[in-house]
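For reference, the chain that follows is the form predicted alone, supplied as structure tokens.
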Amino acid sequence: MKPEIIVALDFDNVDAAKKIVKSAGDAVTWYKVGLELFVADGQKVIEFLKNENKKIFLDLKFHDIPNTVTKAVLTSLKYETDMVNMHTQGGPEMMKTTVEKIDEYCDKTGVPRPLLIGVTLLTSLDEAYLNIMKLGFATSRDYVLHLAGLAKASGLDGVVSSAQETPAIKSALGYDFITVTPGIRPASASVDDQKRVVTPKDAKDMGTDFIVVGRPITKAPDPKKAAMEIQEEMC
């Protein structure tokens, strides 16, 4: 059922991550491993998730010169992750080079190819950021659409963006172009430090493919129940 839930394991140790995965059980298939957890216990948590037959979104937001990003993503293939992201602001050459090398390597070796996803505008940012950085775009939506267009033209499978931009992205770039949506909060939850936030039901109605949910599940007394309630909210 779309959208699929990706639970963000925003912890500083593998034991805390294991506790959530065990608690959520079969209610959650996808997990996001971000910078904090990867730096702390990356290989351990990835091996654990694979042993639990879970799918992994490696959320390291690669952003560097094309050669460096390409090598980093190639190296990440040893973990057999299912989704890897990079900043679209790294530019078309960076994205295109990475896609070409990953496709070539996976075709040659038979290693499963992860979904390659571009980060557009972080959900903690809004029009004030565009103005401060003098980017020349009137709205967040305009800027996200521009970056998403570059991502598709470069061969990426989709983008990370707010669900608020999903309808425009799907309309402009096709419904097979994947959208991964952070900043999701159930109707009863706090928005915390996110600005461009929507509910799970909103995200589904807007047509997104994946929703990233953190604290509403990981801080819940019963993570499995919380995940199932979010799924029910989207029905």
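In case it trips you up, residue 1 is the first one in the sequence shown, and so on. In this text, all values refer to a predicted model and were calculated from it rather than measured experimentally.
Although it is not shown, the form predicted together with cytidine-5'-monophosphate is what the next lines describe.
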query	finding
Triple contact flag Lys61, Val212 and Pro216 to cytidine-5'-monophosphate in the predicted bound form, non-hydrogen atom at 4.5 angstroms	yes
Contacting member of Thr88, Thr98, Thr123, Ser140, with respect to cytidine-5'-monophosphate in the predicted bound form [4.5 Å, heavy atom]	Thr123
Of Lys55, Arg185, Lys204, Lys170, the one that lies within 4.5 Å of cytidine-5'-monophosphate in the predicted bound form (heavy atoms)	Arg185
Partner proximity in the predicted bound form: Met234 to cytidine-5'-monophosphate, non-hydrogen atom cutoff 4.5 Å	no
Met228 within 4.5 Å of cytidine-5'-monophosphate in the predicted bound form, heavy atoms	no
In the predicted bound form, segment of 148-156, 67-75, 131-139, 115-123 with a heavy atom within 4.5 Å of cytidine-5'-monophosphate	115-123
Residues within stretch 88-114 having a non-hydrogen atom within 4.5 Å of cytidine-5'-monophosphate in the predicted bound form	none
